[in-house]
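This document starts with one chain, in the form predicted alone, laid out as structure tokens.
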């Protein structure tokens, strides 16, 4: 039996109004309201599109933050390019693409269709999340409203953590199990059926569309010169529906997290492949992908998971590790053998075993040796737990739990 996710996969989400993508939510997700707000989708040339996305630095919002302009230019150099909208979030703690599907589906689809027209691509593939039925219904309903000049094909991903990985998505589109495989060239060079494939997640496409429909975000006072515009964040809390907020880059985290009622000692930033960060450290930061990466806490897909103050973060890490070990493709040594061993050793730390060096050795053996980024992301989480949760590790080694002690003092 597979280990369950310690964070439930959300099919419902609280979506807060935002300054750009999430503005005007009260008008609903329908196409007439969307066109009334933004007007018709402009027909832009490839050069114009490249210039616009490069100037504002549109980057992938699936976690890697790869420059969209680079992928677009690469795909444009090949023959018969393909465009893919990836709504398979995979990450249980993320709900931002779900939020867009429920509230702004036409912004997502507009970005893909406008880009397909600029590339002269004839196909747009839409990949839906198998574990989030409301998301799928919302997108299918939006597609029914549209009459786009491209052929749209819909696929449904498996309800697994790695199903949204780019190569897993291409496997799904090819009719094979949607698991990551080794690739020797980027998808933008050789993707679906060997053709150049521009694959991006829902938020990325929404930003492309908003740029075309509403203009430069800096002119609207959103973001910073280095990082124009906004980003979507999922604030995930135990016992509560996830909340999705749109904030401008440069916003203090203290403001973003002001409504969190019970503040733990540490939060998980970036999701299951992310890092632990002390609450105090996080509150001193601003929402900036570059600055957070420099501080060793990459924002990834924009997730902050806030455990309850009474939840032991070390035990939560062990639960996440067990889940991630079961979610791998099991096609290479680091996933097949390394991740289960690593999960068992982290579970041993929770039980009070003195296994820190063993965990570090296993992490070094796994890191950078998988066919995909799944082992690397898992190792990132483990290393951050050892670095940030050191007091908790020491407490467990002495047969106690620092979180439980905190609860006894404050409750």
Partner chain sequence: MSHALRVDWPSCHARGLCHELLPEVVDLDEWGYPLVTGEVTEALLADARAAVRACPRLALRLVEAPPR
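Small disclaimer: the values here were computed from a predicted structure and weren't measured. Positions refer to the first chain, counted from 1.
Beyond what is shown, the protein has a form predicted together with its partner chain; the following relates to that form.
In the predicted bound form, residue 302 stays away from its partner chain, with no heavy atom inside 4.5 Å. Although the partner is absent from this view, residue 183 contacts its partner chain in the predicted bound form, with a non-hydrogen atom inside 4.5 angstroms.
Proximity of residue 338 to its partner chain in the predicted bound form: non-hydrogen atoms within 4.5 Å are present. Put simply, residue 358 is close to its partner chain in the predicted bound form: some heavy atom of it is within 4.5 Å. Each of 334, 362 and 369 places at least one heavy atom within 4.5 Å of its partner chain in the predicted bound form.
Contact annotation: its partner chain lies within 4.5 Å of heavy atoms from the stretch 370-378 in the predicted bound form, the single such stretch among 32-40, 370-378, 65-73, 48-56. Taking a 4.5 Å heavy atom cutoff to its partner chain in the predicted bound form, none of the residues in 282-303 make contact.
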